[in-house]
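Form predicted on its own, single chain, as C-alpha cells, below.
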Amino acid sequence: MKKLLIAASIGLAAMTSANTQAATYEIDTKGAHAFVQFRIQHLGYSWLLGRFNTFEGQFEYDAAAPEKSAIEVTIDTASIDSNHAERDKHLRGEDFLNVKEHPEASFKSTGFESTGEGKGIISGDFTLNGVTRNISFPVERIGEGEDPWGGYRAGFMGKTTLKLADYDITYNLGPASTHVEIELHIEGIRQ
C-alpha cells in the first residue's frame, strides 16, 4: 500500500509539473517591451518605416509542447506612427487603414507547427481594414527565464509580408509598394 501511495504521489507530481509548464503570458506593452513595426517601399526609392504604438494581447506557450502555442493580438490602427503627422493622417484615412470604419486590426492564431528548437510556423486569422484572411509566418523564440522583479518572461519575434490589395488597400504607391512587411516583437510576462 505504501509503495502504491508513493507511486501515485510521484505520478501526480509529474502530471502537475507537466501542466504547470503550459502558461499564459500577457504581452508587456506597459513596459514597452513589445513592438509592432512595418516597412514599405516608397516609390521604389527608399523604405518607409513605422509602427503601431497601441496594441495588446496574450499568448500561450509550453516549451514541452510547442504545438499548443497560441497568440492573440489586437492593434489600435489609429496609433500608426510613421514619424510624420500629415502622412499618418493620410494613412488613417479611407485610402489606407480607414480607422473610422475599422479601428482595430487583429491576429488570432489557429495553429502552430514546430520547425526546430524554438522555431515554428504560426497560422491564424489576420483582420485588417475589415478583411480577414488566414496567414502563416515563421516565428522564433528569442529567450525565456526569470526577470529581476520575480516574474517569468518569454520573448518571440515573427515577420510576414502582406499584399495590400488583399485587404482592400489599393491606393497606388507605385509597383514597388504593393506589399508591406510586418514585424512583431513580443515579450510576455507569465500570468
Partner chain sequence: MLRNTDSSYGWAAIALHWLMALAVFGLFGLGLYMVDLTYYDPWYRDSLALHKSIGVLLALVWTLRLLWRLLNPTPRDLSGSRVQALGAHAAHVLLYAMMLALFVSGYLISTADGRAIEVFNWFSVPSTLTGDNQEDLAGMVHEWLAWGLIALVALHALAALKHHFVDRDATLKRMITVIKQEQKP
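Owing to the predicted nature of the structure, the values given are computational and were not obtained by experimental measurement. Positions refer to the first chain, counted from 1.
In what follows, reference is made to the form predicted in complex with its partner chain, a form of this protein that is not presented.
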query	finding
Exercise: residue 101 in contact with its partner chain in the predicted bound form, heavy atom 4.5 Å	no
Interface membership of residue 42, its partner chain in the predicted bound form, 4.5 Å heavy atom rule	yes
Close approach of residue 89 to its partner chain in the predicted bound form, 4.5 Å, heavy atom	yes
Residue 115, heavy atom within 4.5 angstroms of its partner chain in the predicted bound form	no
Contact residue in the predicted bound form, from 180, 173, 169, 23 (heavy atom within 4.5 Å of its partner chain)	173
Interface segment, criterion being heavy atoms within 4.5 Å of its partner chain in the predicted bound form, picked from 103-111, 67-75, 90-98, 117-125	90-98
